[in-house]
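A single chain, nothing else alongside it, follows as structure tokens in the form predicted on its own.
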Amino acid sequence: MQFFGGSDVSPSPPATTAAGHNANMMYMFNRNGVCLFYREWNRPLHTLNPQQDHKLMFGLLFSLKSLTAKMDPTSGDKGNLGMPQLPGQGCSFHCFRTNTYKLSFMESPSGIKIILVTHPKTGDLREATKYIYNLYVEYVVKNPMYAPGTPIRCDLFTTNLDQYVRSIS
């Protein structure tokens, strides 16, 4: 079974243009807002405890998704601001950039949300987030020891993720 164009057994990463270590951190949430996975690679400043950080990130995503759906110029039925939307429904966003970071976002049809925070000059990461999702499917979802909805504790997933993230440019 393929997800977002990945292979069945061993997903192959999208081609990168130059090697670098641009990723700062990654979050993975389920459809209910539970943080399943959090990883830091380069985060020099810690201002919040992890639970507050996860709640703020999920709240930011919820708000941005609602705002983009409300501002969608192609849809006549805008609903109420803050109304939950199904994955793939309405207008969506894939990234935003500030002067200090770039946040890339992908939501799978099953409601898994992947957020990758990188250097602001990092290129388009849509293929990278799809590849990370394929890693998740291969090493977590297909793992018979993993209970869905619980925090991800899979060394093989973490090792492959770390190796891939080092190549993101």
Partner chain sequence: MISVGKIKQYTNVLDKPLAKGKQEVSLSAFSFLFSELVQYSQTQVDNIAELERRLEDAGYTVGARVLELLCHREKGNRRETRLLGILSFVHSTVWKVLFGKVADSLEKGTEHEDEYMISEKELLVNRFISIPKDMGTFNCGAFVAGIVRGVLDSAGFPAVVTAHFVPVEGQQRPRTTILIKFAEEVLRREARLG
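Predicted model, so just to flag it, every value in this text is computed and none were measured. Numbering follows the first chain given and starts at 1.
The form predicted together with its partner chain is left out here; the points below concern that form.
Inset, instruction - Could you work out which of N42, N143, S63, N30 is the residue within 4.5 angstroms of its partner chain in the predicted complex, going by heavy atoms? - result: Spelling it out, the residue with a heavy atom inside the cut-off is N143.
Legend entry - Residue (of F58, Y133, F37, Y139) lying close to its partner chain in the predicted complex, criterion heavy atoms within 4.5 Å: Of F58, Y133, F37, Y139, the residue with a heavy atom within 4.5 Å of its partner chain in the predicted complex is Y139.
Inset, instruction - Flag T159 as yes or no: does it have a non-hydrogen atom within 4.5 angstroms of any non-hydrogen atom of its partner chain in the predicted complex? - result: It does: once its partner chain is placed as it appears in the predicted complex, T159 has a heavy atom within 4.5 Å of it.
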